[in-house]
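Let's start with one chain on its own, the form predicted alone, as structure tokens.
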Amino acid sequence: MLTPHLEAKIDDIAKIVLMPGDPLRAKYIADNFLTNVKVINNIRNMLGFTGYYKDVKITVIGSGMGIPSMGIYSYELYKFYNVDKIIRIGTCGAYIKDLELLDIILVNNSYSESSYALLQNNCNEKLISATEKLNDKIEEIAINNNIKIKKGNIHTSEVFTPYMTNINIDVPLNQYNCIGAEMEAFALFHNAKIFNKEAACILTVSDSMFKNNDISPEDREKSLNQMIELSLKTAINL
């Protein structure tokens, strides 16, 4: 065991990692999209798997919820397991009316009020970019496979938006042009930056303050599958 949180051997983890927030979604991806799958982590039930997608070795592991959890796992993958690229695949809430439920977003930059970067290495940045080259490849794959995506900035919040007593999105929306909110990308992008690695984030809109949130399980699964397939097809073309 190389870290307190991951029990995998170095060779067990691929250079390309897909990270959903939910460890059970990691299992879903392994069960439905990968072949020759090996369980590489069970610690704290943060399930991780390595397998093959069209003969390319890929690891998929949960990040957990929130900046601290993503911060731990992405840090350890980059630093101790020599991972080169991490693509977060998750869900988000919409801040603008133009976003429809189940739209797929490719994140350009993450804004956060979090002190994570400041505490981690005295970085005062509040807006951190995804890796442009990796985003360009994701966009190319989306176009080639007729997968519609929208691009924009995301607010990485430390509080689940529906639980806020006074929802005020003026700063992320109007100052940083954030089109939605999630809870992990900022830590991932920061860690990629400090290790000179690559990171991207693809999100599916799961809720909106402007829409009826009644989505059928079938529609949700279909849309999440499209996001998963986009990340996998990108991974084998890097």
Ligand code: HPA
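From 1 onward, residues are counted along the sequence shown. Since this is a predicted model, take the numbers as computed values, not measurements.
From this point on, the text means the form predicted together with the named molecule, which you will not see here.
- For the residues 61, 183, 178, 58, the 4.5 Å heavy atom test against the named molecule in the predicted bound form is passed only by 183.
- The contact residue chosen from 138, 107, 92, 77 relative to the named molecule in the predicted bound form is 92, the criterion being a non-hydrogen atom within 4.5 angstroms.
- Heavy atoms within 4.5 Å of the named molecule in the predicted bound form are found in one stretch of 123-131, 108-116, 158-166, 67-75, which is 158-166.
- Though the partner is left out of this view, residue 50 does not reach within 4.5 Å of the named molecule in the predicted bound form, counting heavy atoms only.
- Residues of 183-210 placing a heavy atom within 4.5 Å of the named molecule in the predicted bound form, in sequence order: 183, 206, 207.
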